[in-house]
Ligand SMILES: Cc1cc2nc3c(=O)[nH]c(=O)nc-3n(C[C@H](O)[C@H](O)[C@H](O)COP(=O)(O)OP(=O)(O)OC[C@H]3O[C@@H](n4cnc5c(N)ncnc54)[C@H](O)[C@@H]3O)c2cc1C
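Only one chain comes next, encoded as structure tokens, the form predicted alone.
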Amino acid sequence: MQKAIQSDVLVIGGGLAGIVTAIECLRAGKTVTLVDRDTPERLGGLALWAFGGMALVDTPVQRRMKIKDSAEIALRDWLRFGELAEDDVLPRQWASYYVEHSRVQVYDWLTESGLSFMPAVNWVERGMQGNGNTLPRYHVVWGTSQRLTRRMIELMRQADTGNRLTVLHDHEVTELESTNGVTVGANAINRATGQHVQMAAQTVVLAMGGINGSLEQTRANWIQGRPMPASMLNGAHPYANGKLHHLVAGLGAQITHAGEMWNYAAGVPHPKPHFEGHGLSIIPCKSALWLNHRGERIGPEPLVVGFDTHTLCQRVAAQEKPYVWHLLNWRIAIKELALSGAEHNQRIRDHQTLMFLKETLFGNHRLVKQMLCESRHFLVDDTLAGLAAKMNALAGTHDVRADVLQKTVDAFDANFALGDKLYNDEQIRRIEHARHWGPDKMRTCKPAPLQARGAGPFMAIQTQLITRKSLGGLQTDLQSRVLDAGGQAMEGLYCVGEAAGFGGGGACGKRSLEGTFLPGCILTARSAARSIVAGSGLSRA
């Protein structure tokens, strides 16, 4: 028997953007149905597993660190680094909206909601020529994004006075209902029972995430002319597969910038995968050497993390084989190795302040040992010859010759023949630059020979490109209303978060300043809710 549900607002997708939309609509007195394809314990989507970094502008944390940021400076950085074209009108509008409102609509709103941020601001995506973030603005939620997401779920439940919220878990939306061009609801199927559910609503909000959870869609949308590796890992949510994007496009909506993606260059298979092809994103060590499949340093300009992820991904994708090697030693690993997400950042996630400080100051031996134990892609050996043998065994080849690996390391170590007097290496220069900023200095080694006495053993990590976020999506206006081919709002239909390319169908352009995703979800969701409550989405009421 078919089940029928009626509400003011139907939110499709239980990630951060969908939950925030529900919170704001419930607080305004609306009845809300939130339908999510995943299980109850995974409500929150990818945000539940994310690290929790946010690019925020002119915050109290920045001011305490004497960082003079402004919407004007941030917008200049954003447009330049993202390479937004002049005709990217809606993405530019959303970029401007973001930098102008991230302080009040995100930072202040979250702190008023009982969340807090770590006391230091990090400096990421500086740009290869200083054309990225010209100053630090990467804030980290204390408790990671897991704490953020669970707090949002708590607030959604608290806002549900009078049983005005219906949450449907494990339900897949199969079609949207429209009458005379007006969206009036959606149909779904209960994946556990097979029951069909008809959900009628005055307003439908799409919050289903991006497309990068489907490697097939990732490849189909890959921009022609950019190098694409033969294999990739999946670091996105597997249900963010683009199906609803195309369904809505069939009704007249516009998908733009679908080929722009925010992937990461250093992924390994997840030791405890949640789904097939699940990858784990490593935050690469700045001091590690990036090597090709033969153990030769990738060049002529060496690869180094923290400056331009977009370019880094393209250079990794252009390699002869779909994997690269990171060569480092124990000294580097315990200070610099980090993994993205809440799962492997338990000191921050669980508010373990003293242990976090201890591992930051004295080395995170725990994480290094954990990964060596859990992942076969992390290798260690006392000698470079022994390491080369293990690299070949893992890859199933004889590509890495011990003498070539030795020459690679010797060539790098030659920079230190007279201390710091003969530095002539771009990676060393970038490391020295990064270490001028205190938070980076705390977790970046002073440049030194890889073969320095007492720095071993040697380590190698085999990594490959891993998908993450979609930068494009459904085109929306500043009220998060979905637009048709003529630029007109489709009545009763909104889109928020990654599904909308974080606003306008691609607010970031080709590159993100990093940390623009969680705030983008919050900003687009709150904008949609304000419009709905004001009546823009309830014209049939």
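Keep in mind that this is a model prediction, so the values were computed, not measured. The first residue of the shown sequence is 1; numbering continues from there.
As for the form predicted together with the ligand, it is not shown, yet the points below apply to it.
With a 4.5 Å cutoff on heavy atoms, Y138 counts as touching the ligand in the predicted complex. Contact check for T516: a heavy atom falls within 4.5 Å of the ligand in the predicted complex. Proximity of G341 to the ligand in the predicted complex: non-hydrogen atoms within 4.5 Å are present. At a distance threshold of 4.5 angstroms between non-hydrogen atoms, D58 is out of contact with the ligand in the predicted complex.
Proximity of G14, H171 and H237 to the ligand in the predicted complex is complete: all three residues have a non-hydrogen atom within 4.5 angstroms. When the ligand is considered in the predicted complex, only one residue from L26, V35, L493, L474 comes within 4.5 Å through any heavy atom, namely V35. Look at 390-398, 447-455, 372-380, 239-247: in the predicted complex, residues with non-hydrogen atoms within 4.5 angstroms of the ligand sit in 239-247. Along 35-53, residues V35, D36, R37, D38, G44, G45, L46, A47, W49, A50, F51, G52, G53 each place a heavy atom within 4.5 Å of the ligand in the predicted complex.
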